[in-house]
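Only one chain is given next, in structure tokens, and it is the form predicted on its own.
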Amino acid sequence: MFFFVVRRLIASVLVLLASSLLVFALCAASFDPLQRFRQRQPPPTQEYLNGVAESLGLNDPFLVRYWRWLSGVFTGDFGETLNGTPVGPQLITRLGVTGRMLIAAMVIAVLLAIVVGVIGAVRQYKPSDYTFTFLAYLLIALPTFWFAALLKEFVAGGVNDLFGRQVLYTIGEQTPGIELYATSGEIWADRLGHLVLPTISLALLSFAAWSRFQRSAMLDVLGSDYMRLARAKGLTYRRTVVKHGLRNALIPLTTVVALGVGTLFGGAVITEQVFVWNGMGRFLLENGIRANDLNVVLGWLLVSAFFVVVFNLIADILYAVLDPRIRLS
């Protein structure tokens, strides 16, 4: 197991380097950091633009620019934005905002996928199975931004009307300036109210696809010989399903969830736009892509890729835990 983890870590570092080099090349070829200077009125002189390009290192060879950024990352320096502010501290702050939404969404989605997948398989072709299948395909077909807009329009208003006060919030990750007058408990309650709808939006869209994988895996397991043998030995149906069937049926879902982390990051970008969260998604779109800022885009990519690699590593380790027949040596 130790050498397996070491090999995976080495491979993960190489994947991160390759992906960062590829994105750096694509962004360097397509981004124009001087665009905002050219749009000024009156337009700046060519000598001024040449000076800005020189200060940003745009005239250096491609590999020199990439190595300068990469060597900075090794020391914890993600570079500066075009406005001169460090990228690293902003990434950490925004990661905390996005992280609480992603973690909550992933936990809810996994639990729902397991429960719904198992019920759908055990009660195959029953009304509950048809109902879950219909809901799953409906959620899979819904675009992320539209589903989030529906939650804002109907769920938030209905719940707030039911309680007679604002319980669910549709804009921002917390009330602006609440730290100035509220206690820590009131701040967390406020954040929870802001967290509910974005989390539900992200979780339900992920759970829908994952529940289908769990249902298929569970159906395969229920028809296995060892399940019939367990029943023949006198085990109850519930114990056979939970103790022997569910453990093996979780293996495919583990892979799907690990691979779905990247999709969750992509969904978070859209969700943050709809609910106006100042997380990593808005940081990427507004401070990175829209401003043609290479350091911001690379910082977002590196953080996202890091978590994708980590979750894939966790999935490989869980493989061995769930199924001891899998040898990792």
Partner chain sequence: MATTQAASTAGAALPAEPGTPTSGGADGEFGVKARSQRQQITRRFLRNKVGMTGLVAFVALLLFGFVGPLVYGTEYRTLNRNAQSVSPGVAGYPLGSDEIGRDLLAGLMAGVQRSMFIVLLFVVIAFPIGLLVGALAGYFGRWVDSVLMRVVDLILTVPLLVVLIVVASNFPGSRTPLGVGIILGLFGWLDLARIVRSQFLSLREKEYVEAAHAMGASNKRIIFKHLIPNALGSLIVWTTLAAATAIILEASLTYLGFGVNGANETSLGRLVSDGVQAASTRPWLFYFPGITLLLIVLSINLIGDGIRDAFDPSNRRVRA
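Residue numbers count along the first chain shown, from 1. Only a predicted model underlies this, so the values are computations on that prediction, with no experimental measurement involved.
Keep in mind that the form predicted in complex with its partner chain is not shown, yet the notes after this line are about it.
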> Here the chain is shown alone; which of 103, 140, 171, 111 has a heavy atom within 4.5 Å of its partner chain in the model of the complex?
Replying inline: 140
> Of these, 34, 70, 56, 285, which has a heavy atom no more than 4.5 Å from its partner chain in the model of the complex?
Replying inline: 285
> Where, among 207 to 215, 155 to 163, 111 to 119, 232 to 240, do residues come within 4.5 Å of its partner chain in the model of the complex by heavy atom distance?
Replying inline: 207 to 215
> With a 4.5 Å heavy atom cut-off, would you call residue 50 a contact of its partner chain in the model of the complex?
Replying inline: no
> Counting only non-hydrogen atoms and a 4.5 angstroms cut-off, does residue 64 reach its partner chain in the model of the complex?
Replying inline: no
> Closest heavy atom of residue 30 to its partner chain in the model of the complex, within 4.5 Å or not?
Replying inline: yes
> Would residue 188 count as a contact of its partner chain in the model of the complex, using a 4.5 angstroms cut-off between non-hydrogen atoms?
Replying inline: no
> Looking in the model of the complex, is its partner chain within 4.5 Å of a heavy atom from each of 2, 82 and 90?
Replying inline: no
>> With its partner chain taken in the model of the complex, which residues across 264 to 301 come within 4.5 angstroms through any non-hydrogen atom?
In response: 265, 266, 269, 270, 273, 274, 284, 285, 289, 290, 300, 301
